[in-house]
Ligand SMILES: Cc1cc2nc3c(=O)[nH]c(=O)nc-3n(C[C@H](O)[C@H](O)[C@H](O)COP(=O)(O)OP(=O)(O)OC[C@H]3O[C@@H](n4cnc5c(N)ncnc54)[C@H](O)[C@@H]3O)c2cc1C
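Read the single chain below, which is given as structure tokens and is the form predicted on its own.
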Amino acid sequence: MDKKLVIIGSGPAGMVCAINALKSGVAKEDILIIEREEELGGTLNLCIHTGFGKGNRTGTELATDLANQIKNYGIEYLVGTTVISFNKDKEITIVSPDIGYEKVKAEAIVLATGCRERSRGGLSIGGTRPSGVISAGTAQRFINIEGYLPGKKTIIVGTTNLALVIARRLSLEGGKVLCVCDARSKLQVDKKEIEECLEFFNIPLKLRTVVTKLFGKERLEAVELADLDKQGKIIRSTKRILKCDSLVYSCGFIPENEIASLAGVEIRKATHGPVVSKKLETSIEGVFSCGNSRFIHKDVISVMTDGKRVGKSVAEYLKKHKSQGGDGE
């Protein structure tokens, strides 16, 4: 299979990139989007809460709108398909239950692979490792997609936007959030989010508080909490046990760039995203990066702006490539 432009990932950055590349002169039959999940939209499909883009839509509404544009424009896409690797010659190896193992040759690649949550290893909590300790993203999938309540009595570690949304969702679905704790003394989220997600549901917010130990053999049974002094050291006299059956942690996000690293793309240590030019081209010619795979953006609007920008850049690259007689032209 040969395509001029292959976009890896169908989140907001990937879909906006495809749409803007089309509007910038790339023919629809020359574009292919590859998505490992079963539907276009990426993590937007997990987000049934509002706050996404203009009109304060839900994530699922925004995903549906963008996916409908992709379909109406006739842009080709593959879902349920995983990109295993690509190389400097822009040969992409994919695999899926429907088409099996196949190679795709592209003239340009856009990495719109998004981000992933930091692992629970970042928690550095002592004790056993029973079930019931999950990431905020996993909790979101359980509640919004699978229809499961991950716990009846939950403690949430971290005060990211996602952590606060999960606190609200658990409360709405009948769970009890015992507290939301964070080692920091100041929050990075808006006061409005605290009011809507915590104060409205009478969920205690405990700053300068950490979970120091987990208890439970098969299922989480309790945690040990402790307060921190101004130097960030544990105040031993404040240690106390709180019974619970689940702990949801949110340690933040990092760009998803494993296949980019394997291909030899230069990665910036500070952001975990590719080093890019002003045109958002990586260290490999013809390979571009956008959205949260480049760095973690503050909101979906900036992610989509990044996708629009790279859509134009990659269209210019393909025109230049053609004029120079690239790939047998």
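Quick note: we count residues from 1 along the sequence shown, nothing fancier. Keep in mind it's a predicted model, so treat the numbers as computed, not measured.
Separately, the form predicted in complex with the named molecule exists; it is not shown, and the next lines address it.
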Task: Non-hydrogen atom within 4.5 angstroms of the named molecule in the model of the complex for each of A108, I284 and G311 - done: no
Task: Partner proximity in the model of the complex: T82 to the named molecule, non-hydrogen atom cutoff 4.5 Å - done: yes
Open item on the list: Under a 4.5 Å heavy atom criterion, is A18 part of the interface with the named molecule in the model of the complex?
Closed with: no
TODO: Check whether Q140 has any heavy atom within 4.5 Å of a heavy atom of the named molecule in the model of the complex, and answer yes or no.
DONE: yes
- [ ] Find out whether any non-hydrogen atom of L5 is located within 4.5 angstroms of the named molecule in the model of the complex, and reply yes or no.
- [x] no
Task: One stretch from 229 to 237, 147 to 155, 253 to 261, 98 to 106 that, in the model of the complex, holds residues within 4.5 Å of the named molecule by heavy atom - done: 253 to 261
Open item on the list: Residue by residue through 16 to 50, which ones have a non-hydrogen atom no more than 4.5 angstroms from the named molecule in the model of the complex?
Closed with: I34, E35, R36, E37, G41, G42, T43, L44, C47, H49, T50
